[in-house]
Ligand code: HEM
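First, one chain by itself in structure tokens, the form predicted on its own.
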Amino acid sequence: MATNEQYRICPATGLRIYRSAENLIKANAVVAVVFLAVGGLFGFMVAMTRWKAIHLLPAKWFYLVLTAHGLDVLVVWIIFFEMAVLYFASAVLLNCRLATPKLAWTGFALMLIGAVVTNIAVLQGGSSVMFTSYVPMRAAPHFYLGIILFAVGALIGCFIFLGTLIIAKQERTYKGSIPLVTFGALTAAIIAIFTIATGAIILIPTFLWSLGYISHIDPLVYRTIWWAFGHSSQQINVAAHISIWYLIAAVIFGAKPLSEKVSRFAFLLYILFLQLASAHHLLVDPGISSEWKIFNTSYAMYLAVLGSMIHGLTVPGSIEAAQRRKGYNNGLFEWLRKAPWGNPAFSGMFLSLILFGFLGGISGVVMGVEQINLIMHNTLYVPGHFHATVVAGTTLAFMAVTYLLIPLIFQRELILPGWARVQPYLFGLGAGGISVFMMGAGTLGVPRRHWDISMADAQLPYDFPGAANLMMGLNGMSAVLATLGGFIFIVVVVGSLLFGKRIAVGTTEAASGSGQPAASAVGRYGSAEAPAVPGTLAMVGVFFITFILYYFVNWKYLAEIWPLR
């Protein structure tokens, strides 16, 4: 049992915060932000190289930087931050002590050492194998060793999260079921254990192969097992950032899910079906049956998408219900117009929701269709899609919750509040533009792995349409916006930690609600148990119309190649 001296009471929420958990949250969040800055700089260099008018890097440096960018932003930054989320969702939200904090620090150390070792291997120039690190391309042994150490450390963090849930249950620090945010974090942890263990399993023989102890790694086996890590790791992100959507809605608005049982069921669908979307990377692999490919890109994918659609309805719906109870009832969207758009925690969360749904969700479903996938998978459409999910969706949501964590966990006020207010809009607009223009260039056939859109060094040169060059130029401009937004985020976060005024008592602006509206009108908009949310339903209608139109356009593109023999 922990003593009272090992806790502090948060003045804003009244939560008892276990100091060991607090320190681990701080350490993981700080390191995450450092790797976000490093990976974001690499990403900016990639975008400036793909922009034909600038073409910043030569081929050798381009593939080196692309490798480092993919690892740092798709794995290192996000999983470090997710460790902070797991500790917060368990020890903090459940008012309990953290299981085995010394072992948690061991896991943190392994993750940090592994991330640094892998980055060193890449920057040394002999491991430019990109994010997928497909065999028979061979990286330096410490490239694989670093990822293995990172994976083991992350697995330790996941199991400590599960152990903390057991402690909270045994010590009865909460009543009934665990909170929905913690349930979402549990979903992320379950997916993470499967995902990270899979990556470690395939990289151990690959590490031995790089040392010369194993003579051969079968590329088909490698690809099949690796994609259970490579794509499923992004499903950890989805579960984590949706949990953050619910958290921010609850903190800022006091919003409750329209149906908590339905929201929990949607998280359960993620565990059962979401990681199966890895199949769309394996559709041309000959060793996998057509039946398996068709099942995973159709029925399994539809059930995973159902989970995201439920969250896409219930999160804004819960906000609308909370706002209408406060009296924002004029028309369909007064509740949304009067939301605290100047609060970066809310604006970042809502932009994350919109961009993830309209860009990442719709493009993911379209790309998961087997016939369409085969003609676009090796184009820039694919990175355009996952920039919508991982950057515009996950990264923006993680940025948003950071504006809550700084006063809550670090006990500091934000510096440069004006910069903080505009940051989500700059980053969201930039990330959304990167996604849209990459997918547009991919639709025109621009390859995803080539450093030069002009194909100047190709044996058979090919001139892409002028629109493709326009798309890559707009992609570069969007990258400038996203980089500016990311730079502002780093300045505000680091500056707040170093120079922000320490919070002693009272609440903070980031955790405040949306003002004092007029009298409640629950009677007009449903009961407290069954609220009506016409504005959210209207937005859902727009989403479905957009989805149908975009789906039709892509099938039209597909139909144009059918006469080819």
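Counting begins at 1, following the sequence as shown. Everything quoted here is computed from the prediction, not taken from an experiment.
What comes next is about the form predicted together with this ligand, which does not appear here.
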Quick check on this chain: which one of F273, W419, F131, W209 has a heavy atom within 4.5 Å of this ligand in the model of the complex? F131
Heavy atom within 4.5 Å of this ligand in the model of the complex - the one residue of F161, Y246, F386, Y144 that qualifies: F386
Going by heavy atoms within 4.5 Å, which of 333-341, 101-109, 74-82, 180-188 lines up against this ligand in the model of the complex? 74-82
This ligand in the model of the complex: within 4.5 Å of a heavy atom of each of G43, M438 and R449? yes
Contact test in the model of the complex: S127 vs this ligand, heavy atoms, 4.5 Å: no
Taking any heavy atom pair closer than or equal to 4.5 Å as contact, tell me whether T483 reaches this ligand in the model of the complex. yes
In the model of the complex, does L36 come within 4.5 Å of this ligand, counting heavy atoms only? yes
Taking this ligand as it sits in the model of the complex, is N475 in contact with it (heavy atom to heavy atom, 4.5 Å or less)? yes
Contacts with this ligand in the model of the complex, stretch 147-183 (heavy atom within 4.5 Å): none
